[in-house]
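Here we start with a single chain on its own, the form predicted on its own, put down as structure tokens.
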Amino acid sequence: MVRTCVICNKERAIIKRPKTRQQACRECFYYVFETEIHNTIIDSKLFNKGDKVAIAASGGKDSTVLAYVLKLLNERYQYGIELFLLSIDEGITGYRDDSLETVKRNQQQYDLPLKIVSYSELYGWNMDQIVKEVGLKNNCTFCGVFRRQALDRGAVMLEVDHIVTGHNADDIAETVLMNIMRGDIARLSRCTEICTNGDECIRRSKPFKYTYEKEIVMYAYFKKLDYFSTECIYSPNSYRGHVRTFLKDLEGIRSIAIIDIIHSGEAFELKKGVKLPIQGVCKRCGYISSNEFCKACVLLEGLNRGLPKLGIGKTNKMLKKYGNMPEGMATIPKFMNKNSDSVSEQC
């Protein structure tokens, strides 16, 4: 039986939206997909006219669609922002080197400036070397910590005001579940925020916060966008991978489970009197940290001292066990504020 698009009531429906179960034609799907993202941007006041915005580009479906849609919406609705592509080369042979080729093609296709920053350049280690030291059990901890800081450092090099990432609704729901299972109330209280940091720090936001991963894949497929689809060779054993499988099972039972989990995270309130870690700056590199030393410096110190477990688990406990950080072994460059020549004291 041929079904008609429920949006325009004219064209033949060829898509059933995973998020709403609406049956839509291709053009109407494009329109509602793009409009929902635009509404998220406007409602959350993500951009100001004149902002320089770096898109965290990995070559995967999320960041590729994000770059395409942001460029489209910027022109359609005249946001007045300047867009850049910012990529991190973790140094994973057979994965990141191939995906960066996709990013370079995207640069040509979308006519956007591109900056690539590598772990080797910033830390003196790449992920292939790190995995040889730590194995496959905790490697994602190193990569996640280093990547977040590398994005901020790359943004400072580009002198941008804002970083946008391709984190989608599935990613955020997974993070909520992970923080619940870990009992990490500090991260749970902020993991659903659509925009973090501000003032002197580089803002970071997620325009795809309410956008389902399946719809991003459908949009990329029907638009014939050029993206890299291979999974990281070091991620199958990650904790997030198990949570992702659980979430997909929930989604199969109830399609709106993803959004419901996000709303639950948004509604989370801390009990009065609960103290959260106070964020300051790392005394070694000046990057944001709730401890004396940031996680990246502790992880790097462990690698440099041949003690890769130094940064795994509770930082203070591990420092007591293996000894404090020598002042003369700083390898990470000082984190420079984008608006000054001094180490940032606020981010």
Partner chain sequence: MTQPLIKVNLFFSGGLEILFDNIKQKTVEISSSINPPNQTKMEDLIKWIRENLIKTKPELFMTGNTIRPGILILINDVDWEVEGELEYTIKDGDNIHFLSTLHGG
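Not measured: the values here are computed from a predicted model. Numbering follows the first chain given and starts at 1.
Keep in mind the form predicted in complex with its partner chain is missing from the figure; the text below concerns it.
This chain appears without its partner; in the predicted complex, the one residue of Q78, T93, Q108, S229 with a heavy atom within 4.5 Å of its partner chain is S229. The contact with its partner chain in the predicted complex, taken as any heavy atom within 4.5 Å, belongs to K214 out of K71, K214, K104, K223. Of the stretches 123-131, 214-222, 266-274, 140-148, only 214-222 has residues with a heavy atom within 4.5 Å of its partner chain in the predicted complex.
Heavy atoms of every residue among R21, S63 and R244 are located within 4.5 Å of its partner chain in the predicted complex. In the predicted complex, its partner chain sits beyond 4.5 Å of every heavy atom of K52.
A residue is said to contact a partner when one of its heavy atoms sits within 4.5 Å of a partner heavy atom; S289 fails this definition for its partner chain in the predicted complex, lying far away. Mapping the unseen interface onto this chain, K283 falls outside it, with no heavy atom inside 4.5 Å of its partner chain in the predicted complex. Contact check for K115: no non-hydrogen atom falls within 4.5 Å of its partner chain in the predicted complex.
Within 4.5 angstroms of its partner chain in the predicted complex, the stretch 11-29 places a non-hydrogen atom from each of R12, A13, I14, I15, K16, R21, Q23, R26, taken in sequence order.
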